[in-house]
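Here you get one chain, nothing else, as structure tokens; it is the form predicted on its own.
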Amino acid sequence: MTERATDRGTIPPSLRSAISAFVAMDFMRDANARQAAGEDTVHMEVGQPGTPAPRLVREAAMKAIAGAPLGYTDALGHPGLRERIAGHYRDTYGLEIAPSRIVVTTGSSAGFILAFLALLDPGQGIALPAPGYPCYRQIARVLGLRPVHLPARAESRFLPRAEDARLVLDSGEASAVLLASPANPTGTMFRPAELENLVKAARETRSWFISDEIYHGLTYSGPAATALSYWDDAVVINSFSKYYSMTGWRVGWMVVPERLTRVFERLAQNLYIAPPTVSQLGAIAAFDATEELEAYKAAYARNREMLLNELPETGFGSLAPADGAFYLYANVAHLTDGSEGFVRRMLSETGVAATPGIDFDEAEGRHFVRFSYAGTFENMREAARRLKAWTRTA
């Protein structure tokens, strides 16, 4: 018998599990532990609103809990929620999207998993922005796909260029491209013509275009464009986590081509059964909470303006254009050549938690740090004060 069969203590985990950690979550864990130990901590490491879910959402959820049993919904989601999401595309973008094309998901994370499984086969490449959301590439690797990095450098406003995407797609190196606007970690946003050219590159090379629109609504220089305006076959992923301030509710959605709804339904049935019912019933009310949500956004805008003024005095002055979301991506090459150690020291010595750029860019991230400004104004101002004192003495 082999050693694997006789000594169960040596059985290794799967090769597919050998992915990098989600570093932002590691730093959140460390910051929470520091705070639990009684040490004053300012959280700027995770993209999580410091505001609660809107009042109408909470009231709808409590009503649902007090009412009938909360059984499974359809795998594609509660019909009432799918109809409200379809109405959102009509009201916000002027697009008529059939409710049958809406797939409600357990957060955007489930949307990425479903999209990768439905559209791509093991071994195929998917073009991803660098810097970009780290879970894109880790989910791709777990599912046997090949992440293909599209550079998003300062000279192009930290956004991938259509010509680079076309080259990768036309060569067959990748069969899909996934892009976000506004983007994480940079907050940068495609202008409509830029997004249209990227979608065109995918369409003309017979490749999939997956659009991460999770930060729509959180923009400061005009509304974001949706990829669906340029191609009906684009696959859009969104969530109630960011603009709607519902991170822990774990509910998101997708818009998929009509011909693929059954494909997504079969996958969802087998992998998740259905998204959380109480979260779905609460989310229906989110579309009626605009006044409260816009007040949340105004608070982020105030934080953003203050930090854009204060961070240059702290030594974090080289920032990506902060068009949307609630992030500032700072070049710290003049301060360190290792952002992870730098951020750990910053947490230890100042109590300010941020995320090192290595989470978002495996090649160049050692020179960058991401700050989330989704917390309270008082906390953001305190963080700026501490960082200013720290960099002057460090």
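Numbers for residues come from their place in the sequence shown, where the first is 1. Since we're looking at a predicted model, the values are computed, not measured.
There is another form of this protein, the form predicted in complex with a small molecule, and it is not shown here; the text below is about that form.
S.K.: Among the candidate residues Arg203, Arg191, Arg250, Arg146, which is the single one with a non-hydrogen atom no more than 4.5 Å from the small molecule in the model of the complex?
M.R.: Only one listed residue qualifies here, and that residue is Arg250.
S.K.: Taking 4.5 Å between heavy atoms as the contact cutoff, choose which of Gly107, Gly77, Gly125, Gly217 touches the small molecule in the model of the complex.
M.R.: It is Gly107.
S.K.: Pick from 150-158, 220-228, 316-324, 207-215: which stretch has non-hydrogen atoms within 4.5 Å of the small molecule in the model of the complex?
M.R.: Every other range fails; the passing one is 207-215.
S.K.: Is it true that Phe112, Tyr133 and Tyr136 each have at least one non-hydrogen atom within 4.5 Å of the small molecule in the model of the complex?
M.R.: Affirmative, all three are within 4.5 Å.
S.K.: Considering non-hydrogen atoms and a 4.5 Å limit, does the small molecule approach Asn303 in the model of the complex?
M.R.: Looking in the model of the complex, residue contacts with the small molecule do not include Asn303, since no heavy atom lies within 4.5 Å.
S.K.: In the model of the complex, does Ser241 come within 4.5 Å of the small molecule, counting heavy atoms only?
M.R.: Yes, Ser241 sits close enough to the small molecule in the model of the complex that at least one of its heavy atoms falls within 4.5 Å.
S.K.: Using the partner position in the model of the complex, report whether Asn184 sits within 4.5 Å of the small molecule, counting heavy atoms only.
M.R.: Because a heavy atom of Asn184 falls inside 4.5 Å of the small molecule in the model of the complex, the answer is yes.
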